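Laid out below as structure tokens are two forms of one and the same protein chain, each shown alone and named structure 1 and structure 2.
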Structure 1
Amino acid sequence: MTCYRLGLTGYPLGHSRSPELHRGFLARCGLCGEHRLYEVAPDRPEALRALLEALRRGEIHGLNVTIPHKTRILPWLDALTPAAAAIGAVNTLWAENGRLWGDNTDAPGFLHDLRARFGAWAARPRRARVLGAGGAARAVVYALLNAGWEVAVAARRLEQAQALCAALETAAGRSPAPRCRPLPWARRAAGAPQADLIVNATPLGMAPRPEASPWPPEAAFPPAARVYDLVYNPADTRLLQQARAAGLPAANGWGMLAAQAALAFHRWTGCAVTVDNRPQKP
């Protein structure tokens, strides 16, 4: 009987709750296994490469990838699923016949939880403002564009937002393609009444700096918007506090984490698990 060795790599990982999710999945499926955290700093590429080789040799059966490795790991992989290739970032790795594969379950995980949180409101295309342009943001923008949304992407490096929009608007493959508009970080809250959804895809607000928020304290929110923060630890981020103070529905990223983890787990083990989409309590 296979005893699954699963894990997560990224940096830092002290906030991660992935082990409890996957250990729960293993128990529910009646499978032998473990889930470990493989913390690898961005200045240690040799350690990251060694971890991938352990995956290739079958010493590890499946790896999730989080910041800051979702894009930097791509040159070391042998193959990508169509979604991962289009997004240009991976969060799920496995080996098949000695080849390293990468997938992205963040995109379907985000869309699944967005609809679970906000119901019929999220069922039709609207306008979103995504804060950040890293690997997590790429998955969110890809999911929204494919669902027919219009998206504005605000990033500290404008060229990163420009590259993201140029790549993903084409990858979405819709005709006519939904608009994806890059914004300078200083204008992330400008013209906000035009946005129906605000998504934080940056680490701002994550432990150990829970006091941080990507939304300027002096800026108003769109009056009828929803706010979704990919950060889930702490459960009650500063951004969510700001949103609720403005009377807006808001959700953290716990449901997205659970949904993407379930998809990755099914890829690795063949066991399908359902996830609890109830909000994580502060």
Structure 2
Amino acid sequence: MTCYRLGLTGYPLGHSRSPELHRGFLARCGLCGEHRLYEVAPDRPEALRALLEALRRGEIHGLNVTIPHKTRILPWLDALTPAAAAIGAVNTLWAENGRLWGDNTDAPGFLHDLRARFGAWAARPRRARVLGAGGAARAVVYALLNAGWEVAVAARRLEQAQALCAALETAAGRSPAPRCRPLPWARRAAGAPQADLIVNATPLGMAPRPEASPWPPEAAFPPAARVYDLVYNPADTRLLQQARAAGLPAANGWGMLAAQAALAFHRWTGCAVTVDNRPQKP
């Protein structure tokens, strides 16, 4: 019987919740295995290469990748799933016949949790406003466009939002592709009544600065919107407090984290774990 050696690489990894999630999955599936953190600083590319070679040789069975390696690792992989290629970042690696594969489970993980949190409401494509245009935003926008949503992306560097929309509109697996529109950061709350979903994909509000919020305090929310904050530490972010004060349903990103981990675990072990969608804890 395989005894699974799983892990996460990134830098820094001090507060990672991955070992807890994956060790829980191993136990629930009745599988032998371990999960380790491989902290590799960005100035040690040779250490990252060595880790990939261990994966290729089968000494590690599955590896998650997080900041800052999600994009820089791409040239060292042999094959990407269509989602990873379109998003331009990987978070899940494995070896198949000596070839290194990369996938991005953040995108389906987000969509899974959106549906888990907001039920049938989320099953119908609507209009979303995504705040931030970094790696996580790319996964979220890819997922939404593929599910038929219209998306506006607000970024403090407008060119980042423009590049994101240009890349992902054409990569969406739908024809005609739903529209992705870049928005200047100063207009992130403007005309918001046209938005049904607001997603925070910036680190604003994350520990150790929980007082920050991407939503301007004086701005009104769209009256019937849902708010999803990718940040999950703290569990009750400033943005979620603002949304709830306005009477809106709101969710943090813990469920997305658990869902993307479960999808990676399924890929590595073949065991499908249903993630507990209730915990809002950090």
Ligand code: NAP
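What you see is a predicted model; the values in this text were computed from it and never measured. We call the rigid core whatever largest set of C-alpha positions still superposes within 1.5 Å between the two forms. Here, a residue number simply tells you its place in the sequence of structure 1, counted from 1.
Working note: structure 2 is the copy from the form predicted together with the ligand; the remaining copy is not. Checked against L131, L144, T105, T237, the hinge of the rigid-body motion between structures 1 and 2 corresponds to T105. With both rigid parts superposed separately on C-alpha atoms, the smaller turns by 15° against the larger between structures 1 and 2. Fit the two forms on the rigid core and the C-alpha of L51 turns out 5.3 Å off between structures 1 and 2.
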